[in-house]
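So this first bit is one chain, no partners, the form predicted on its own, shown in structure tokens.
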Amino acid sequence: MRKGILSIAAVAALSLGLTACGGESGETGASSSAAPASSAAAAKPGKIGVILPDSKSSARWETADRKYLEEAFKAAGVAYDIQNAQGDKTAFQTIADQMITGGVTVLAIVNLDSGTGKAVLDKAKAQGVATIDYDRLTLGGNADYYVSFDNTAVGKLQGEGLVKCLTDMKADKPIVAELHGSPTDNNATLFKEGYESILKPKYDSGEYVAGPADAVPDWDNAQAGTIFEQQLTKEPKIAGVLAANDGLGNAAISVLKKNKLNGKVPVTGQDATVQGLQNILAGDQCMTVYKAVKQEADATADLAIALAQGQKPAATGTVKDTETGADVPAVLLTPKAIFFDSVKEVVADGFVTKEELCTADFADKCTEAGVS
């Protein structure tokens, strides 16, 4: 796992004309277009602003993304400002205004929706601020760069994971419920595209039965619990749950527990959160998708640092903005499916620690899963 991820990061960094880790000083590596070391050292880099979306939809934004971005910016010696909009679209725009007024020369955002995100990106670009869509593409936003994982691939892993778990359980014509992510999040659309490419043929052939399917506004876990309770009431014989991330998956599991169905109905997830991994260890969650956030944060930091130093880094590919038809320069990383026997890989990679994962209730399961 670690070897594969480092290879991706190295390729991304190489294409950006940067060192794989951004370097202690944030200077570029050898390149025919790089400025001489003396002038690079003399030029004062600009300030980088980052707006995270919330701390409710997923724990990752505060426990992982903020930490890794701060480490990269500090190592490069650049000024930065990282703030969290806490799911508030007005606050998101206010933070952006303050950052632009405060002199950021690079702005990276994780949008709450494309409308709000586009307004922020348009204002930044009008002020000559370089822009990066981080994790979520802002449709119509025309960001200078986009850094994320291959989100259709994430969805495919979820669909394939649910199929594996249902097959292992020898399920016969299982009724599958779906909890989609927020309808305003383009990533949720891509996840759905991925897992439906796996599940729809099963529905069409009659091998699986399409059960209740609903989007969860703003990825809100409390709403997800209410929605799934309604789904289970409508269809008590649900035999599998395609949940778009660990938070939604845990909401479904909580309802299944109340009905003594946990462990009998496989549930998917995403983000490899401590809670999601513990649910896998307990046998209540089928799988999750691990996205090495450090690699995503490092790739974003490398871009932002280069832009702050007045460079024009290259990306490794492009993604299509379905609203404008434009090809957005992009760095896309590769996700990985995690099941019981591969939980240890997330720990070995340093994304979560053994101490936070293997608490007293999960110590024996950690041993069984080979977590060290």
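Numbering starts at 1 and follows the sequence shown. Fair warning: this is a prediction, and the values are worked out from it, not measured in the lab.
Unshown form predicted in complex with beta-D-glucopyranose (BGC); subsequent notes refer to it.
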In this shown form the pocket that beta-D-glucopyranose (BGC) occupies in the model of the complex, once superposed onto the local C-alphas and checked for 3 or more atoms within 2.4 Å of backbone or C-beta atoms, is open
Which residue among N187, T116, Q278, Q295 has a heavy atom within 4.5 angstroms of beta-D-glucopyranose (BGC) in the model of the complex?
N187
Ok, Y195, Y145, W219, F92: which has a heavy atom sitting within 4.5 Å of beta-D-glucopyranose (BGC) in the model of the complex?
W219
Is E178 close enough to touch beta-D-glucopyranose (BGC) in the model of the complex, meaning at least one heavy atom pair within 4.5 Å?
no
Residue contact check: K202 to beta-D-glucopyranose (BGC) in the model of the complex, 4.5 Å heavy atom
no
Contact flag, K156 vs beta-D-glucopyranose (BGC) in the model of the complex, heavy atom cut 4.5 Å
no
Indicate whether beta-D-glucopyranose (BGC) has at least one heavy atom within 4.5 Å of a heavy atom of D135 in the model of the complex.
yes
What stretch, of 329-337, 50-58, 307-315, 343-351, brings heavy atoms to within 4.5 Å of beta-D-glucopyranose (BGC) in the model of the complex?
50-58
Would you mind checking 260-287 for residues with a heavy atom within 4.5 Å of beta-D-glucopyranose (BGC) in the model of the complex?
Q270, D271
